[in-house]
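In structure tokens, the next block holds one chain alone, the form predicted alone.
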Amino acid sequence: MATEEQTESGVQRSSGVYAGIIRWVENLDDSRFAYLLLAPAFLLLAVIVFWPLLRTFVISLQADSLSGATAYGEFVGLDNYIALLTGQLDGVALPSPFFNLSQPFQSALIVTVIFTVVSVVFETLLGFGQALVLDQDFRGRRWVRVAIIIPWAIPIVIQGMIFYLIFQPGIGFGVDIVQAIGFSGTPLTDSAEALAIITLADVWKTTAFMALLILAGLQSVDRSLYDVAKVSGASKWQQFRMITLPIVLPTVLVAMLFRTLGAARIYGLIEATAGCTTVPSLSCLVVTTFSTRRYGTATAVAFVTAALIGIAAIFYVVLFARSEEGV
């Protein structure tokens, strides 16, 4: 129960638990007060994100075999994770190997890493180039900005069907092109060639996303810095290296983070273009394993995928913090 107490200035103040909390909040510095306001969001995030992850990990420690030595749902420890490395569980082969250097383009982890790294690098470079062009003042700039968004607006399934038809023998013009550069006549049936085509399709679609994010960063650069650099005799390359890149780098890292998280989860584009049998990604392995009612193994793959994505996110956060310190 709150009571009144006399302060040194003679002002009456209530005392009690509620009043104590109010005074504690009033005495917080700005950073601690900000964390206090964010606490409900962090709590909600923990419930929405971390509880499903914990539940997934628990299921991944359970057996998914409906027959044999272990019963469905029985605790088997790390057996499902060991099965990912050996490629078999209870003598039954997984739909595709998780990691196998002898079959790199049939290994879900290797395929996902190759696709993620190559697509994000090319999308960043091409997107940066497009953003630099769109940042210039020229006639028809608004129409050009609208035009580059068109590939990004196309649904993934339609995008996959477009590239499927382009590289389909007897139908698409892309078969002649890939044959001219040394590919086979049926590129969508070869794992390595199909992966290259899927990467090309993803770069074609998502470069616009990178360009728009980087363009937003470029337009935040103070133009007077370039005027000072010109007066000082700095070349275009020096202006880019000393002004543009350091200021835009945090935006580029955020864009790369978004694309890395998206690329690591690729499934729809593969399934619509070449199929998960030809190009198995981690998400493909989760879906195909889950469809065979091997829930423990499927959740083990899903948990490993989430862990790898988390590591990538932490890597970008560290780079972002260092870039912010540099600016």
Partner chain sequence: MATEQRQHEESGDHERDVGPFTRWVQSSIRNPQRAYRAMFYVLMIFFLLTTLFPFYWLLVLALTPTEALSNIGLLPNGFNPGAFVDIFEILPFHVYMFNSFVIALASTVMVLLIGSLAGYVFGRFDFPGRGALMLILLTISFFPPVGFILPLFQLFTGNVNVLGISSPMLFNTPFAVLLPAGALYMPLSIFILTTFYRQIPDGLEDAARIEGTTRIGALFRVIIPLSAPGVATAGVLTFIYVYNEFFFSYLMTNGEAENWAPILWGVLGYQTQYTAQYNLMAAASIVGVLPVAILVVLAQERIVSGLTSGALKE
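Just so we're on the same page, rigid core means the largest C-alpha set that superposes within 1.5 Å between forms. If you're wondering where the values come from, they're calculated on a predicted model, not measured in any experiment. Residue numbers count along the first chain shown, from 1.
There is another form of this protein, the form predicted in complex with its partner chain, and it is not shown here; the text below is about that form.
Participant: Can you tell me whether residue 145 touches its partner chain? I mean in the model of the complex, with a 4.5 angstroms heavy atom cut-off.
Facilitator: Judged by the heavy-atom cut-off of 4.5 Å, residue 145 is in contact with its partner chain in the model of the complex.
Participant: Contact with its partner chain in the model of the complex for residue 197, defined as at least one heavy atom pair within 4.5 Å: yes or no?
Facilitator: Answer no; every heavy atom of residue 197 is more than 4.5 Å from its partner chain in the model of the complex.
Participant: Taking any heavy atom pair closer than or equal to 4.5 Å as contact, tell me whether residue 25 reaches its partner chain in the model of the complex.
Facilitator: Close contact exists here: in the model of the complex, residue 25 approaches its partner chain to within 4.5 Å, heavy atoms only.
Participant: Indicate whether its partner chain has at least one heavy atom within 4.5 Å of a heavy atom of residue 209 in the model of the complex.
Facilitator: Judged by the heavy-atom cut-off of 4.5 Å, residue 209 is in contact with its partner chain in the model of the complex.
Participant: Looking at heavy atoms inside 4.5 Å, which stretch does its partner chain contact in the model of the complex, given the options 155 to 163, 74 to 82, 179 to 187, 112 to 120?
Facilitator: Contact criterion met by 155 to 163 only.
Participant: Residue by residue through 47 to 64, which ones have a non-hydrogen atom no more than 4.5 angstroms from its partner chain in the model of the complex?
Facilitator: Read in sequence order, the residues that approach its partner chain (within 4.5 Å, in the model of the complex) are 47, 48, 49, 50, 51, 52, 53, 55, 56, 59.
Participant: Using the core for the fit, does the CA position of residue 25 change by 2 Å or more between the shown form and the other one?
Facilitator: Moves: yes, 2 Å or greater.
Participant: So, does residue 35 move by 2 Å or more at the CA between the shown form and the other one, with the core held fixed?
Facilitator: Yes, shifts by 2 Å or more.
Participant: Would one find the Cα atoms of residue 287 and residue 48 closer or farther in the model of the complex than in this form, where their distance changes by 3 Å or more?
Facilitator: Residue 287 and residue 48 sit closer together in the model of the complex.
Participant: Taking the shown form as reference, are the C-alpha positions of residue 48 and residue 292 brought closer or pushed farther apart in the model of the complex, with a change of 3 Å or more?
Facilitator: It is closer: the C-alpha separation of residue 48 and residue 292 falls by at least 3 Å in the model of the complex.
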